[in-house]
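Given as structure tokens, the chain that follows is alone and in the form predicted on its own.
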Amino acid sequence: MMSVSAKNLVFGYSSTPVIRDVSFQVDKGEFISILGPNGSGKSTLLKTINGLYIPSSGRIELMGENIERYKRRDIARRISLVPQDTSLQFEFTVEEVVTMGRHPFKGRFEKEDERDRKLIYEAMEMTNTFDIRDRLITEISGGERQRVYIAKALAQNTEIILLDEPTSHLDINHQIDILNLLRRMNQEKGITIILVIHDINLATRFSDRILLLKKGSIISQGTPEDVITTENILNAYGMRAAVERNRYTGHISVIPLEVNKRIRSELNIKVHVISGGGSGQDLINVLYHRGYQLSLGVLNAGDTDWQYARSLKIPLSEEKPFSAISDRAAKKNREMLAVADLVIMTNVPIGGGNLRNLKMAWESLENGKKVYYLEDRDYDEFDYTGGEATALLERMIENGLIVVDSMEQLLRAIS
């Protein structure tokens, strides 16, 4: 039985698609890994599968039906998503976070019933998070936090779980632990697993099939033995590698030998990005590969956007995890803002911790700099400052803030 399929899928933010004519099928109970270099469209494809992005052509089918026929709540009853960024700036307990997995099945003011509590506690037991259920999500380790979000997905009780780099910034012990957990859920409960992952050797060890992407296109799909070949690794990653069967695990293993150098031409346009929580990743990717000279800030260390910027060696102003912006970080951010030709903000939710970013963008606007606001996603809540952020944003709009509602519109405006 088919769980998800893509048919001639095309999606992009401008005239150049990020996803190009992608077709594949995932059967019920499969464990699928999506591989590819940075900028190949892996996370974008995952969000399109989940119905967060609407393709410009082609379609996603969920249980044999076009996903566009489903309401958002109906999708959430069938697909759960474990995001790449599992950091929270609000002091929810572990149990409260896991309970959020039941929200798609409840009315606005409806309380959890006995069945909900049963699913919540079973999810915490299966992920070994029951003993930390009363601890704050802000006070546990990265590996524990990943388990909590997987527990939330389990409590959601869907047939399909999507995961965006669930092993990123974890040590090897926790990586294996998380993937063993996912494989056990897959085998014992028949849950379909689709995950984006960077580690090729972990993908070959745990996956039934692999999709290998390059520049938004699938260049190979099939079993690990079919997909992970020296030719495909060279084609996708520009890397010469030896591919052999690991004598200890029995799975296909890649040994890097040599990387071909790639040269990226740069535009003489400096862009400072204010984002966070993964809201800037697609923007950073597009601007970086178009050659803009980027800087970012202020971002908390460990944030998804922080990780991506660090991987591309983009200058940034950073703050300690779960900390409000300090004078030191603000000073560095203002230095970057001063030399930038333009500023782009994403519509990341604003709380006490990052309100200062919005205030520094307002300073840039007052100083005559062009500031853009990319409003390309919806949040249940945006303002966690008691209205201060909303009032400031409205004031900025009145004084020249340029609001755009899509990546395509933004790229036209800045070019």
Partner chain sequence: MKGKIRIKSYGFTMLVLFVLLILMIGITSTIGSASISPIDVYKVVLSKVPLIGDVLGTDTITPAQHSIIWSVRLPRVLLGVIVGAGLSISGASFQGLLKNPMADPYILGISSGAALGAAIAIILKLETAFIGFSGISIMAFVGALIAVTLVYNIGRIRSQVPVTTLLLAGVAVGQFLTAITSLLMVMYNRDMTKIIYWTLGSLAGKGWNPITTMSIPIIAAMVILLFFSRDINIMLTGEESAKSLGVNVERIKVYILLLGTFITSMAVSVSGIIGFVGLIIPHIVRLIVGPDHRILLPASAIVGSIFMVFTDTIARTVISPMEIPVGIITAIFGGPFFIYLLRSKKKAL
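It should be emphasised that the depicted structure is a prediction, and the values quoted were computed from it without experimental measurement. Numbering follows the first chain given and starts at 1.
If you look for the form predicted together with the partner chain, you will not find it shown, but the lines that follow are about it.
> Scan F31, Y53, Y373, Y70 and let me know which has any heavy atom within 4.5 Å of the partner chain in the predicted bound form.
In short, Y53.
> Note which of L202, V254, A76, L181 lies within 4.5 Å of the partner chain in the predicted bound form, where distance is taken over heavy atoms; exactly one does.
Of L202, V254, A76, L181, the residue with a heavy atom within 4.5 Å of the partner chain in the predicted bound form is A76.
> Mark F90 yes when one of its heavy atoms lies within 4.5 Å of a heavy atom of the partner chain in the predicted bound form, and no otherwise.
Yes, F90 lies within 4.5 Å of the partner chain in the predicted bound form.
> Give a yes/no on whether L81 approaches the partner chain to within 4.5 Å in the predicted bound form, heavy atoms considered.
Yes, contact at 4.5 Å.
> Does Y149 reach the partner chain in the predicted bound form, with heavy atoms at most 4.5 Å apart?
Output for Y149 is yes: heavy atoms within 4.5 Å of the partner chain.
> So in the predicted bound form, does any heavy atom of A301 sit within 4.5 Å of the partner chain?
No - in the predicted bound form, heavy atoms of A301 and the partner chain never come within 4.5 Å of each other.
> Where, among 301-309, 267-275, 239-247, 101-109, do residues come within 4.5 Å of the partner chain in the predicted bound form by heavy atom distance?
Result of the contact check: 101-109.
> Look at the candidate spot formed by Y13, L136 and Q156 and say whether the partner chain comes within 4.5 Å of a heavy atom in all three of them in the predicted bound form.
Yes, the whole trio is in contact, each within 4.5 Å by some heavy atom.
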